[in-house]
Each structure stands twice: as structure tokens, then as C-alpha cells.
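Okay, here we've got a single chain as C-alpha cells, the form predicted alone, with questions on binding and movement later.
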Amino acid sequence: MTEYAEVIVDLSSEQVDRLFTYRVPEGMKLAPGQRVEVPFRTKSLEGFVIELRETTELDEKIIRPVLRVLEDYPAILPELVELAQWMKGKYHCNLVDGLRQMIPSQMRGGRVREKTVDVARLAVPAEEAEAALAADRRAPKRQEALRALIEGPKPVPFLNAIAPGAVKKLAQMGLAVIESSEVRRTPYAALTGSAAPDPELMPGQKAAVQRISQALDENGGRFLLHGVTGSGKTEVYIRVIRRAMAMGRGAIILVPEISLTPQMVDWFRRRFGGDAAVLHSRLSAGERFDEWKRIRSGEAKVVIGARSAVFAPLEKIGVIIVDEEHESSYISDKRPRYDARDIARWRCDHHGAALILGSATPSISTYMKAMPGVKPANRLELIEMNERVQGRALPEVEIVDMRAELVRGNRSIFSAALADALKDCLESGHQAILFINRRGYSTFVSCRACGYVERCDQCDVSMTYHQADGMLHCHYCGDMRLPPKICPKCGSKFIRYFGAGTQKVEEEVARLFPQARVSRMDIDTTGAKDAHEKILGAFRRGETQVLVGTQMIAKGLDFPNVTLVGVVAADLSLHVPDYRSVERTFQLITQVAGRAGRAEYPGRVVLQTYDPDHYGIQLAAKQDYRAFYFREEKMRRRGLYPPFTVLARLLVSSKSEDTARTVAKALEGRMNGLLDAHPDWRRDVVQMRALEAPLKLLRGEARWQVFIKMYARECADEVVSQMELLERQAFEGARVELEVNPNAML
């Protein structure tokens, strides 16, 4: 019987975003989710089998056969094929864009495959080999190689290092046989410490584990685990996962920063051994592929990783955990612009699994879903842990008004309080974390005579001075140039460097405390493979005393010897033109403050700010999330910001400012036509207009936007769907991208 395969070709284009029918050659075994090579127009392409059929309405003469199968197993599980189809509708992307998320990218085009090595083993019983060993006394090196083989199979290069050509000779003598064997590339191979015992659970932890375990027995549930920093959320995760595994099910744990992955991998390998696998984008292609295969084969049942790990090919999921759920890194900034929390929820619903969103500072939108009056379909069950493990106190927080420091003549980036606290910390043999959410040395270079600021030619931003290479850097497009010695505008020599970044903080620590061992953690220092692990590992072992860094050190990390946290510039993100700026500032301060005093020594936090009376600063210092939530929720409701409304924009980019403006105005006209044709849509629109984007130049392209704010009702989905159709249309000389509630409004 002839069989037909419905295939989506691996080509991201609206023109081919549909299924194509191919004939399955006789003897070829296919299944949905399998990857194949098929003829397409004048060439061959890779593709994904979506379904198989026994009949077709197409003319048999025009149906071409599948050329070959790329793997002898379905690379994509049926559930994940269904998920990709859901993503197509939810995120307005092509089906293949969703399918590509389900496999390591290097599998496409055959750019990665199994690593093999030639291994020799005995071809005869050990007794016969021992006899040959006794008889052959003329070649001591070959004897040594044979003796090694008697102990067990050995890689051929290892044996040849003992005696060149030994393996070949032993094979000729009939004593050894050479076989090809797959070698697994294991990420974080050094993190294989001894098994860790289970600590005793605190009452809050015990209650959380019992409630979520009960949900596992009752076909799942959705939970917001709100625990103060140091309350032991990770131990709750571990116990729930253990319960899921006892039921024959697996688990996915998402972390927001790759910097957190080594620590989490270490914890979970100590508790789950070889059952734990890791997936994230900074692994080598081979490591990612091998870990993915371990999960796909069922060998690994606990997956730890960043955002993309939510697509891990686990067949039976018991729980998905999104740690630090408030982090914006869970939302992809590339097409498809998926939210990993949405994907986790979909997969949990599919498997009848438990979804746990964990955070000490949940996002306003998430916490609102745990409040009374929420629709059952959106509701989260709130579980709170309000105390640190073993009754440890939250750190003492001191707010320092940097305006008063200036009045006293202190021009340093460190207040007297922070400098004294750092001195006490180092003298006591403890460690400190200094947080500033800006990398580089000076944040901008300006002329004191006329006010000129060095800006990037390709982006509408000031350039940052990096002392390491003596260059000005654009943190958006990567452009670099030498800083000016005289002002390009007025010719003055009064060029000065303003602001501070991680490099300047690092230098200041070295100046004040020459004997202190300091390390820095930001994008500039973590570009190399395993850089996160090396920096944090040295800090954990006490090889460095002060860790300076950006937001990648602000959350999730657990260092028992850290007693001091210094927030060098608490209000850097407070006045960014984004409705979430206060929320993000509160989250960052609360999270980084929580790194102090997590063990037997009490913690102290020095919080430097030029706006000490702001409610976001004050409530972060008190670590009072509920008070902050109710204050911020009122602000959002009054200002008509999400989650009460939906913000969407069609972002137009072009090399020509006139083209960007013209296309944006044309799109505005099209949108007005749609709204006029649907009065019910128009009633739900708060505002809609075309205007320059806040960041009007980026990477050499002018940017305009058609911005719309709508009430969060059903009509909003219909309007967004129409905007998606406009996004897909071709505009000469311009690129149009749809963003819905974007991570950043710049």
C-alpha cells in the first residue's frame, strides 16, 4: 500500500508555510516528527514529517518521493509537533519557526553528529590473553598494552600512546578487536561532586512540598511559589521532582541566567546523578546535541537550563519549574517571540503536570493571577514561604543618600558607609558582592565647555568608555572608536568621563583595598566558554573576596560566606522610560540584597541612591513585596498599563528616515481603516498613533513605530491578529516587526 507523508520544509517563509505531500518509498519507515530530505523545486531541502496518510487527492504523477530519512527515530515528539502548531497561532510565526525550537540548531544541515572513538577490546577470553602475555616477552610495551586490555576495553589512542602500533599488532595476533564507540560530550564534567544528603525541611518548605505533591496525584496544578530570598525554594523543587520521578515522570527546571546554570547543575547532579541533563545556548554544539539525545532517549529525566530548555524532548513530564519567574529573559526577543512561561503552562496542561513559578519578587502580572477574582483558566494557587531557612534573619539594609555625600565633599563612587562596611567585611575574612547594573568604566564622555556627548553614529545612544582597551563602545551595535582628546563641536580640551560601570567599581575596590582579590562578572568577562563557572567557582572557593557585577549576579546565587552586598547605584533603572522601570528596580534591589547573610553570619546591605524617598527604593529596602505589589497595582490600573491593557507596536526600521516615517504613516492609515470598519474594536482602543521610536536610530537604521494601547479584552486578540497580517506584508526599503507587550519599550 502506498503511503504519503505531509511535510513542512525547513524554510522560514510565508510562501511555503504549508504542508507538501510526498510519496514514502517502499521499505522506508516514517513516523510523524521525523526529519527527512525531500526534493523541493530545483533542489533538495530538509523537512519535518507532520502526518502520514494512505490516500491523497493529488495526481500521483506530480508527487515526488522522500529522498532519505535523516535519523532513524522521530526527532520531534508528537506533543512537540502539536506545540509548534499552537505556537504558530499564538505567536504569529511560521510552523517551521516553532519546529526549529524543538531540536538543537546544529542538527539542521548535519552540522553536528555523534562523536565516536575507536576502542579496542579483547577478542579472546582473559585466560588466553594471560597466556599470550606470559609467552610474549620480547615486546614489553606491547605486553603493557595487552595488560591494560585485560583490565577492560580501552581507546585506541590510549593504547598507542603506551606502544605505537600495539593495537594493530594485537589485532593481527587475534588477541584484540577494534570497534567504533560513541563518546558522550558532557557539559560541566567537573561538577560531579559526591551525593548530598537531604536537609531537614522547614515547616514552610514541608507545607509547599505536600501541597504540590498532592497536585501531582490529582493531575497537576499551577502554583506561584512566593518565598523570600533564602527561604529554600530550591529544596522544594528537588523534593517535588523526586516525587514526580517516583511516579515515573520527569521534570524541567528553567533558570533565567546562564550564570545560574553551573550552580543549579551542581546541586541537581548531587541529588539526581546521571538523571540530570543540562541544555542552554552556551554549550558547544556537541555537548548540546549529546545532552538532547540523552533526554530524547529517556536516559535523562531531569532537565536544567535556560529559556530554550522548555522544549526539552521529555515524554512524561511531572513538573516544570520556572525559577525567578519575573525575569524578562524568559521572553524570546527573536522570532518566534515566545514566552517560556506560556510554553511551560501549555506542556503542563498537556501532561497533567504541575507548573511552579518561583520567585521572591514575582512580576505584577503573575502575582495578580494569584489574587481573588481571577478567572479559573488563568488562576495560580499562591504558596508563600515568608521565613529564611533555619530562622535566619533577612539582611539589614541601610539607604545612603548620595546627595548628602556630595555635600560632604565625597566625590567617590563609594559612600563612606559602603567603604567602611567593605573594610569591616574584608578584615573579618568574609566576602562581598558589589552590584551596578552597567558595564564599562564610564557611562558617557562629555565636553565640560559645551555639553557635547560622544554618541554612536549607528545608534541613538551615548558611547561607554572601557578602560581595558581604552576605547569607546556602543553596547547596542558593538561599534568602537578612540575617545576624543578635544571636543569635535567646540574644540575645547575639557573632555571628561562621567558615570560609573563595573570596571570603575572594580578599580575603586583595588585602589581602596590593594590586598583584596577582586573579580568582575559582566558580558565583557563572560564571553569565553565556561567563564561563568570559572568566575563563580573561584568566588565560591574563596579565591576571590569581592565580586563586582551586573544583574547576572543579582539573583539565585548562594554563597555562604557573603555578608555584605553593596548596591552602588540603586536608581540606575528607576527612571528609564518604561512602565516597568520601578518594578524592575524593586526586583533587582530585593534580589541582590538577598545574596547577603544566607548562612550563619548575619548580612548587611548598603544601598546608594540619589532618590532615597522613592517608594520603590524604600520598599525594596524593607523587602516588603506585598506592599509594593498593592502600590504598583494601583499605579498600573490608574495609568492603564498591562495587565489592564495590551501594548502593541509595529516597529518600522529602514536605512532611510523618510522611508521609515512614510511606511509608519501608511500603517497608521491602514490601522485606522480597520478600526473604523470595526467600531467595537475602536471602543477598546485607548490610543493609537505613529511616532518615532524612543530609540530612533539603532545599528544604522531609523526607527518609527505604530503604537497602540487597548483594554485587555477579547477584541485585543483580533486587533493583534490584523497587525500580524500587516507585519507580513512587504514594504520596499523597510522592515516591519510586530511586538506585543515588548520587554523594552525603547
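Just count from 1 along the sequence shown to find any residue number. Note that the structure is predicted; figures quoted are calculated from it, not measured.
A second form of this protein, the form predicted in complex with a small molecule, is not displayed here; the remarks below concern that form.
Highlighted residues 229, 234 and 390: every one comes within 4.5 Å of the small molecule in the model of the complex, counting any heavy atom. This chain is displayed without the small molecule, yet in the model of the complex the stretch 197-205 from 85-93, 197-205, 278-286, 408-416 comes within 4.5 Å of it by heavy atoms. In the model of the complex, the small molecule lies within 4.5 Å of some heavy atom of residue 598. Although the partner is absent here, residue 267 lies within 4.5 Å of the small molecule in the model of the complex, judged by heavy atoms.
In the model of the complex, at least one heavy atom of residue 558 sits within 4.5 Å of a heavy atom of the small molecule.
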